[in-house]
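In structure tokens, one chain follows: the form predicted alone.
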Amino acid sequence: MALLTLVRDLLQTPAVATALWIGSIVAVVSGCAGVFTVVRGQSFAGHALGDVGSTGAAAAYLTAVQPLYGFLGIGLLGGLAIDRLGNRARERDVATGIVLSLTMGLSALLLFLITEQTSATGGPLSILFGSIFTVAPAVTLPVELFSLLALGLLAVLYRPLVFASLSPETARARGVRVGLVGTLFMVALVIAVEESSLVAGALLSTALLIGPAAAAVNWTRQIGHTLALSAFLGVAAVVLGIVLSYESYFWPPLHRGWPVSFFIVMLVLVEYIASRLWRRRREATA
């Protein structure tokens, strides 16, 4: 009965219902893109894109634009720059570091200007650590459309992307346009990372991208199963994180509430540790 009452209260609260829907969509996109990110060894780039997007979100706050568009706009520019500058695997981390350094410098300046020249005192905290309960319902449609675009790209690229991720040289020899596949995947990756910044913040968006995917890779080897499991683990972490954050309003300190991003990161960590323990047990008994 208590559980049914909690579910009813959650769904009847507009901010929480919006958070659950947007968070679940973002978790699915991040979970699917995250699998290829892990397989391709682009975890650093995935992490950097969240910080890169914070520059656009800060600029959006200063110009009264929806932060999602700031995240996506600058994130896309940064992602394409990383892709072009690091077109070889050994150059990728260097290119990522260069783009990250530049945008973080700009982000620091813009966040400073927000605190000094506007009344949006919670802006920097919202950008860096997320504030999904304050996401406007009007953002739902753009999130849905961008998510469909990202999932559509992953679906169209599925076979060549798997091939290029596992063996790029062989894929190139077989006629796969590895560079084009990588660029289009970067677009999907940017959407996943920047949307997850709305849920967990720019600094913690990597948790949704890498954690569920890494756990799913430990639990299963079949790529289709890995994608489905990663998406499920991401959704589970987001939904349970939102529920715990909602309930924490009654925890000490009373009537303050704990951040959703904290719970999501902790739940993702639990998922990953559980997957590592299961993998070690499986290897020990093999």
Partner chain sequence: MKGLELPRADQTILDLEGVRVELGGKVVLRDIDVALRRGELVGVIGPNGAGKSTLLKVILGFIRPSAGAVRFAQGQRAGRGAIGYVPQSFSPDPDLPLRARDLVALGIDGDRWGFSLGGARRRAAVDEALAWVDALSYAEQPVGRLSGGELQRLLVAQALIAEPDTLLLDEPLANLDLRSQDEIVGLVGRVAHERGVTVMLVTHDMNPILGVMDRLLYLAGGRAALGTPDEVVRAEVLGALYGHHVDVLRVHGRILVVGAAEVESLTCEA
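The structure presented is a predicted model; accordingly, all values stated were derived computationally and were not measured. Positions refer to the first chain, counted from 1.
One more form of this protein should be noted, the form predicted in complex with the partner chain, which is absent from this view; the next part is about it.
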Answer yes if any heavy atom of residue 133 is within 4.5 Å of a heavy atom of the partner chain in the predicted bound form; otherwise answer no.
no
Contact of residue 170 with the partner chain in the predicted bound form (heavy atom, 4.5 Å):
yes
Is there a non-hydrogen atom of residue 160 within 4.5 angstroms of a non-hydrogen atom of the partner chain in the predicted bound form?
yes
Within a 4.5 Å heavy atom cut-off, is residue 217 in contact with the partner chain in the predicted bound form?
yes
Taking 235, 270 and 281 as a possible spot, do all three reach the partner chain in the predicted bound form with a heavy atom inside 4.5 Å?
no
Among the candidate stretches 137-145, 176-184, 68-76, 94-102, which one is within 4.5 Å of the partner chain in the predicted bound form when only heavy atoms are counted?
176-184
Could you tell me which one of 155, 149, 109, 85 places a heavy atom within 4.5 Å of the partner chain in the predicted bound form?
155
Considering the partner chain in the predicted bound form, which of 228, 62, 244, 39 comes within 4.5 Å of it through any heavy atom?
39
